[in-house]
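The data below hold one chain only, encoded as structure tokens and taken in the form predicted alone.
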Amino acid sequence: MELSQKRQFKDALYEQFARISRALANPHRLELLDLLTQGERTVEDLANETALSIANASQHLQTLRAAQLVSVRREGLYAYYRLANASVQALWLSLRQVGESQLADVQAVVQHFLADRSQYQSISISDLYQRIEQQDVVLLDVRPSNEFAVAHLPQARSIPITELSQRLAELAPDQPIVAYCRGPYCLFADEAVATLSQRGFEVYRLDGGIVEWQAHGFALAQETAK
């Protein structure tokens, strides 16, 4: 291969890789990917979750699709998006971990907005796995029920955060509870821990969600196939 051909090869190759980085270089698109780790969603659902207009959310999703990071299926009038494959989930998790380790501003943002989190107890995924094996904890999934149906932690029960206050009677007051949601930056679990603590429950917030659980090599449970 001639020197000029080698240069053309390298330029063409890295241009393809750059398609991925360009697609990721937007905070809204990163949030969309994060939401899609929980299962497929309609454009309307994603727009509502991210406070974007439907047109804007659709445009961001089309950019992600052009980079082969998400796929879409259509059912009637609705378009359902999902991550293209497991490697995209791993890519998002790796990107987040690099940001956490390299950018002090990430932790500064967390401390600024989630200062109240420090007053509550938390539990690691490894410790939770052991307690599930011992069957001495109630595991509470406080995400929306449709996300629970797609995939959840083993032995978890679904009580969405919007229903928790009305369903406290379903929880035994003498059993420790672990609440989890979409991941370390999801606030549903924080709200659940605050609510349950105020009612006298022994409660812990899980340091992670289904993505982090999988990253530890643990299997998920499912109610329905998507």
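Note that residue numbering begins at 1 and tracks the sequence as displayed. Just so you know, these numbers come straight off a predicted model, no measurement behind them.
The protein also exists as the form predicted together with the DNA; that form is not presented, and the subsequent description refers to it.
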{"query": "R22, Q59 and Y78 all contacting the DNA in the predicted bound form, non-hydrogen atom within 4.5 Å", "finding": "yes"}
{"query": "Region of this chain that lies against the DNA in the predicted bound form, out of 79 to 87, 150 to 158, 131 to 139, 92 to 100 [heavy atom, 4.5 Å]", "finding": "79 to 87"}
{"query": "Listed residue that, although the DNA is not shown, lies within 4.5 Å of it in the predicted bound form (heavy atoms), from E40, E44, E163, E31", "finding": "E44"}
{"query": "Selected contact from Q68, T195, T50, N26, since only one has a non-hydrogen atom within 4.5 angstroms of the DNA in the predicted bound form", "finding": "N26"}
{"query": "Interface membership of A55, the DNA in the predicted bound form, 4.5 Å heavy atom rule", "finding": "yes"}
{"query": "Residue contact check: R74 to the DNA in the predicted bound form, 4.5 Å heavy atom", "finding": "yes"}
